[in-house]
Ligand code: NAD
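A single chain comes next, written as structure tokens; it is the form predicted on its own.
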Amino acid sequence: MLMPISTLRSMSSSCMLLYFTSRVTTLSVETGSSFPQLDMHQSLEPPGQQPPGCGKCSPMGSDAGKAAGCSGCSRGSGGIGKGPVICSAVCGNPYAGLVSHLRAAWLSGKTRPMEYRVAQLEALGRFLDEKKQDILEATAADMGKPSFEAYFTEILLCKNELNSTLNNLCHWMKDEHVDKSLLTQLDCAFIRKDPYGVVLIIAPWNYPIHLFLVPLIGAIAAGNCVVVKPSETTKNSERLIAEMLTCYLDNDCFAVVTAGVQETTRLLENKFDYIFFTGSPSVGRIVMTAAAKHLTPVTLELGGKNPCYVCDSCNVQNTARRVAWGRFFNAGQTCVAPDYVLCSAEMQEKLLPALREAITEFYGPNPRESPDFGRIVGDRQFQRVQALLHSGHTAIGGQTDAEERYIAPTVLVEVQQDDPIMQEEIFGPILPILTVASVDDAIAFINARERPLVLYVFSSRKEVMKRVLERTSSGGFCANDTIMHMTIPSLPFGGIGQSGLGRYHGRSSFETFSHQRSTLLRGAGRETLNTPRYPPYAPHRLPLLRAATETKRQATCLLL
């Protein structure tokens, strides 16, 4: 509890300093365990007004941060950062001093050199290597995630992103020189990739390592200071991140904040230079509202109902295996999982036995006993997904166990457009099938709804894939497979409309966290060349000015 103001007034200045220092260093441990959970389907409280003077506090004390891979990390700090910060009593916001401390580090220019960025990125690689077993155990404890899936998504894909960034960072950081007019031919014009400053990354619970680490890689590569807020829903993963990550990164420039709904709302009151949020559209709106108060740019990685159109011409067995894998991977708790299938009635009759066979092949006759099938992350999420089973008719699966938070891989048929399962993102191991008469009907069905994060098509006919690609809109598009587009770092990932705003992965991550700074370096002399643009204006100068600055239309370019 905070000490009463009357008591504080009676304290000496040295005692008061000691009190506030201890409050800051224990803050994240308290907020990480004693408040309600925030997940992808829960809203933050609307952000309140910041008290006058907030954000003006000065950090007290600093050091260079612990060496990468150190073993002496203090677990009591919870990742708040190195050095005491005096702020909360003065400003009313418990995170103002932390943000101020990171901003001072960024303004010092410490994060700008490529050598510094590379060192911090390599430290992330050591974190993944040395804490591999801890990551597997934490994700298994949080949501029964199979070690194979955890290694693939939380470690391997992160290492691929990291190595791709390290391989290309020196090229991405180079100034990008641009075309110039005749008037500026003797000058230097380029785009400088500047870091934004202090950025906030808010991560969800379904891939608790991957979905904070991949944007963090981009933020570090771009030269920013970063506050990471992992999900409190997956408590074991949150604890691992808070206690271990700060042992590898420079604590002057990077911090982990563990927080519930109320604390995250207070965190968002601070002025950040960029906010990267992954979660539900409802919470995304609140994050965007908070960012708008400071005119802070945002990336919102949200979700939605991802359609999967299965054409009559597809290979049924291969389609069933790939759809089942994408839908039931991580027990269906994947934002890019196929959310529902659209196919003809004839294809449904072929697809159902193929799906049943694929589920048995993957998880055995009783998926509950399979070590390769996960569990729903929490009781509230289990109850929400379980209620969706009442839509349509259960053709495959449908078994549940509340104590284990187990929901069997399930396929529903006879689902209607107005059923509850078609009104929200499922985010669980349930696959509804809806029938359509043709590819045009499928396109019309998709276009009548919010634009999804990804759209899947299964067909052996290129004209079908091309038709769906050209006549629909979605964040991403993948033909004849599911989820695999996420594994290519060079492909940007992001939503559109209701499914998100912005993009990341590979170079796109670096660009997301970089300000494209237009730069023109002109010589101080050659003033005669500037005379035609100065007053007093004269009509006879216009042809000369036009010739010096004009951009002419070239031949029409063709799409090949």
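From a predicted model like this one, the values you see are computed outputs, not experimental measurements. So that there is no doubt, residue numbering starts at 1 and follows the sequence shown.
FYI, the form predicted in complex with nicotinamide-adenine-dinucleotide (NAD) isn't displayed, but the following is about it.
Interface residue remark: P281 is counted as part of the site for nicotinamide-adenine-dinucleotide (NAD) in the predicted complex, having a heavy atom within 4.5 Å. In the predicted complex, no heavy atom of A479 sits within 4.5 Å of nicotinamide-adenine-dinucleotide (NAD). Taking the partner from elsewhere, T296 is found to have every heavy atom lying beyond 4.5 Å of nicotinamide-adenine-dinucleotide (NAD) in the predicted complex. Not displayed here, nicotinamide-adenine-dinucleotide (NAD) is approached by N206 to within 4.5 Å at the level of heavy atoms in the predicted complex.
Contact annotation for the candidate site: K229, F277 and F427 all lie close to nicotinamide-adenine-dinucleotide (NAD) in the predicted complex (heavy atom within 4.5 Å). Only one of the listed residues (G97, G475, G303, G223) places a non-hydrogen atom within 4.5 angstroms of nicotinamide-adenine-dinucleotide (NAD) in the predicted complex, and that residue is G303. None of A150, C308, V256, I202 but one reaches within 4.5 angstroms of nicotinamide-adenine-dinucleotide (NAD) in the predicted complex through a heavy atom, and that residue is I202. Here the chain stands alone, but in the predicted complex its contact with nicotinamide-adenine-dinucleotide (NAD), taken as any heavy atom within 4.5 Å, falls in 257-265 among 156-164, 189-197, 257-265, 116-124.
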